[in-house]
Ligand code: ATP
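First, one chain by itself: the form predicted alone, in structure tokens.
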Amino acid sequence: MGPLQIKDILQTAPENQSVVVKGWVRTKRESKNAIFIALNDGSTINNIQVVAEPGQFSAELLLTVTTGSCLKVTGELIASQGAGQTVEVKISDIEVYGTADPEEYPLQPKKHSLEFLREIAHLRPRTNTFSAILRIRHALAFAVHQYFNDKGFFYLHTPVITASDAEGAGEMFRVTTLDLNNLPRTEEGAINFKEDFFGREANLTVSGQLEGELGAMALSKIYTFGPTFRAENSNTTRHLAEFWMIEPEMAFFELEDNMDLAEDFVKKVITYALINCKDDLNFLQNRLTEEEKNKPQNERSLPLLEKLAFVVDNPFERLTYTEAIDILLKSKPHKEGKFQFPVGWGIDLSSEHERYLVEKHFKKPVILTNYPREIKSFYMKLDEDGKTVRAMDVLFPGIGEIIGGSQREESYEKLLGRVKEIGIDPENLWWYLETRKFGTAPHSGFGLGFERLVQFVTGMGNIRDVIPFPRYPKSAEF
């Protein structure tokens, strides 16, 4: 089972028992009476202090005990005499697993910028900030699987390689084994994809939704949780080229059922993190508080734990897109020309509009429904007015939209009409359309970008900092 982790040792009652601690050195300081080494193994934000007496070990050995080096320490677990910890280890033996030359090791004990840490993504998990983020990421992923399992959902693995574009955006990464220096051509001069591995054009998926719907029409309730890819040339703090999506699809769910599930889901998952990641969340909240001190009072955001409670403790306000537009048109920022983007029926709401509804008008999370059909995807169920679709977006403080979903169109004729209307060849989606021919049923689903959720829960300003190895334009180093 391996050695005890530092998280467990810190919770052990000190009885002068022998313990073995393994971890990386965060700091080392020496005084006349003792040598203090802080070790961390990643199991907790908290370090354990190990203490040696002056002269107990050779100067040569101690020179190798530097920030970043990896140690095995054997000693007695005793009550700590200093502040900040209840136990410490009185060292009897040190074994150095690996050294870290202070002249070369980039994570010396000082403040590093997030931009610099992205350049050394292979080492940044050793920092307090990123170890906290990765532990919270794990907790949220576990909570996602636990939630859906407890609700009777089945985990469906949808393809990573696909010939369909669920969003209709066309911004996909191509998958090919063709020799790019000697591409096969048709008689017309086009690339002959019949010679490719799959015998047709293939790409990395942008969503597991369409295949997820197929599963829901047999198993009733499924969810996908896997990597997705977007070839958008975007360098914003909100976009990644590779990210993870959570996408439940449910037969016999209509729009109201879909909203109920989305609200319950995000509340339960965030609550799990609040209960199980207290030390990490407190650390990140303190970090953000320090950052916010340099901002004007009116630009400061809610403290992290308050922001999470804002979601967990409030019932989500539900209203239609049309009602939301009416509120925005009557709002003070609109009348005074303070919105950057115009407001009017038919627009795709921007983040500033969504945040106004959440943070200023309702002061609670919001679910908007029944958007204009022109700004939503082809698979969404048409309302009776023919102008709007049964879409729903969940809006959070600080970021705006965090979940997008809808009741799916179950009518074969209407779905086929929409497919043709936006210029998709029905032959490319024959399998998707057939589910509407053979035992169709009302069904719904939604998508939640996992990194967007992690970003919200951790309070990080850039989505590149909540995934271990971010992929974005001109960056695939690790």
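In case it trips you up, residue 1 is the first one in the sequence shown, and so on. This is a predicted model, so every value here is computed, not measured.
Here the subject shifts to the form predicted together with adenosine-5'-triphosphate (ATP), a form of this protein not shown in this document.
- For the residues Lys221, Lys381, Arg230, Lys307, the 4.5 Å heavy atom test against adenosine-5'-triphosphate (ATP) in the predicted complex is passed only by Arg230.
- Put simply, of Val73, Ala121, Val269, Met245 only one has a heavy atom within 4.5 Å of adenosine-5'-triphosphate (ATP) in the predicted complex, and it is Met245.
- Put simply, Arg436 is far from adenosine-5'-triphosphate (ATP) in the predicted complex: not one heavy atom of it is within 4.5 Å.
- A residue is said to contact a partner when one of its heavy atoms sits within 4.5 Å of a partner heavy atom; Gly404 meets this definition for adenosine-5'-triphosphate (ATP) in the predicted complex.
- Using a 4.5 Å cutoff between non-hydrogen atoms, Arg238 counts as a contact of adenosine-5'-triphosphate (ATP) in the predicted complex.
- Among heavy atoms of Gly68, none comes within 4.5 Å of adenosine-5'-triphosphate (ATP) in the predicted complex.
- Screening 31 to 39, 449 to 457, 46 to 54, 422 to 430 for residues having heavy atoms within 4.5 Å of adenosine-5'-triphosphate (ATP) in the predicted complex returns a single hit, 449 to 457.
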